[in-house]
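Here you get one chain, nothing else, as structure tokens; it is the form predicted on its own.
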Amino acid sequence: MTTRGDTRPTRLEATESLKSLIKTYYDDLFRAAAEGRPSVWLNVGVPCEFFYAMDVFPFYPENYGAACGAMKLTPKLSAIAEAHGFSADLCSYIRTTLGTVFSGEGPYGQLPRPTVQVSAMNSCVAIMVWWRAVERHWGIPTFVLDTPLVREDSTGINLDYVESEVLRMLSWVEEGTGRTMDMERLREVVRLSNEGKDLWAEVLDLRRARPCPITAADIFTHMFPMVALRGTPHYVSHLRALRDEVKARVDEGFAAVPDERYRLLWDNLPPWFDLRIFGDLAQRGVNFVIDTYTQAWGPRYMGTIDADNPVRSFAGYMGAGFLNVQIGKRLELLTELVRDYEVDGVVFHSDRSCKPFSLVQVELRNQLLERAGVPGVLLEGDHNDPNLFDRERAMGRLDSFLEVIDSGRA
């Protein structure tokens, strides 16, 4: 068991290999462009597995935006987008990526022009502003995949409709890129994707341990392959190494937060520009042992994709994604996580840039307190723009929230 005097390093060894994984991904992106191979820009509600199976390189601008946020480039790149007439009220991911598109500036220089773009309506309608701006700037054809809102699951006529949309999208991509869908290849990609998601689920489950073996900063850092590399061999090998390292920590009783006193749940995206806040809170005995955002690409929401019928199976996932369902399903998830991870309180990050995720948080907080007896606090901020996050005020609210938890223990 670790104590405050324990001097063992807490940085995961897998974090070093993750850096290499991300570098290779961007090297491959630029290599594909140099060799004239097709690429596609996707929003995170569109599975990358389809495109790996078609040998069309998948790129997620949301991931790129998070990287810019972590490197504290968002204010500079946002100013460029705003100078081109885009509102400062738009999502900071949008402003960041458009800043690079317009100027060629950013951590990797100018991003290669994609061959096509695909977006699904299952996450955020503001993406339409983003994709249309890129479409106009570079003259890129764009496909928008319709996904009707559902109560809990996509079934019956809704599922039939989304499946038809996926098939229409695949045909459109084939025509636009000159590549064809290899169903045998897709089945192999799905097999690897499922294997990695199971490993990710194991990592999340290992966080139930007392003391918790990793921090929120650790798990958020390692989300990159879950979003952009699903279905590739190196995605599986990385997650297996991560799982093994976290399991070894649990076996030895390693405490990521010495003297862990408060086990909290983080709802919504984190502030990518300030993941250190989780380390600062650790000095108060706080560990965020679980989070809702990390659930979105694992088995809990994406589910195990049926390799024998992958198109329909993916359609089911796309039609009932995290933000495409009614509030009841999110409340069930929160209640389950609070119970399984023995959570003392929930921090709802009211993220100015992610309104679909944030708008229902007040009601979720109220219902969770009534249903599970667990208090929650709203923390106003942004996932990518430090100008929209008052750190001193946030720490003050969190300190007050810890007092509320303590008073409930008395």
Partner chain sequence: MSGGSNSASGSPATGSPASGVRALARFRAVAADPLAELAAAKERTGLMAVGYFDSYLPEELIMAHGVLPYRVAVTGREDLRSGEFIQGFACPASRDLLDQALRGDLVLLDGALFTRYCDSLRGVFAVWDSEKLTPYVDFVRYPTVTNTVSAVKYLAAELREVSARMAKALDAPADERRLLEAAAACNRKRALVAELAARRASRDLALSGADYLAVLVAATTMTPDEFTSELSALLAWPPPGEPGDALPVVLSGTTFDNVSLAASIEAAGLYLIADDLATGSRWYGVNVETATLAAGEGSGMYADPWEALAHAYLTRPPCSVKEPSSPRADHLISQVRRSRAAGVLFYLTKFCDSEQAEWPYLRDRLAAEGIPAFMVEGEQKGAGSGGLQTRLEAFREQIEMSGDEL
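Positions refer to the first chain, counted from 1. Only a predicted model underlies this, so the values are computations on that prediction, with no experimental measurement involved.
Heads up, the form predicted in complex with its partner chain isn't pictured, but that's what we're talking about next.
This chain is displayed alone, yet in the predicted complex one of 194, 324, 100, 215 has a heavy atom within 4.5 Å of its partner chain; that residue is 324. For the residues 180, 309, 164, 304, the 4.5 Å heavy atom test against its partner chain in the predicted complex is passed only by 164. The putative spot formed by 229, 232 and 292 is not touched by its partner chain in the predicted complex; no residue has a non-hydrogen atom within 4.5 angstroms of it. By the criterion of a heavy atom within 4.5 Å, residue 55 is excluded from the residues contacting its partner chain in the predicted complex.
Residue 361 belongs to the set of residues with a heavy atom inside 4.5 Å of its partner chain in the predicted complex. Interface membership of residue 378, defined by any non-hydrogen atom within 4.5 Å of its partner chain in the predicted complex, is confirmed.
The closest heavy atom approach of residue 85 to its partner chain in the predicted complex falls within 4.5 Å. Only one of 333-341, 132-140, 273-281, 72-80 places residue heavy atoms within 4.5 angstroms of its partner chain in the predicted complex, namely 132-140. Residues in 252-278 all lack a heavy atom within 4.5 Å of its partner chain in the predicted complex.
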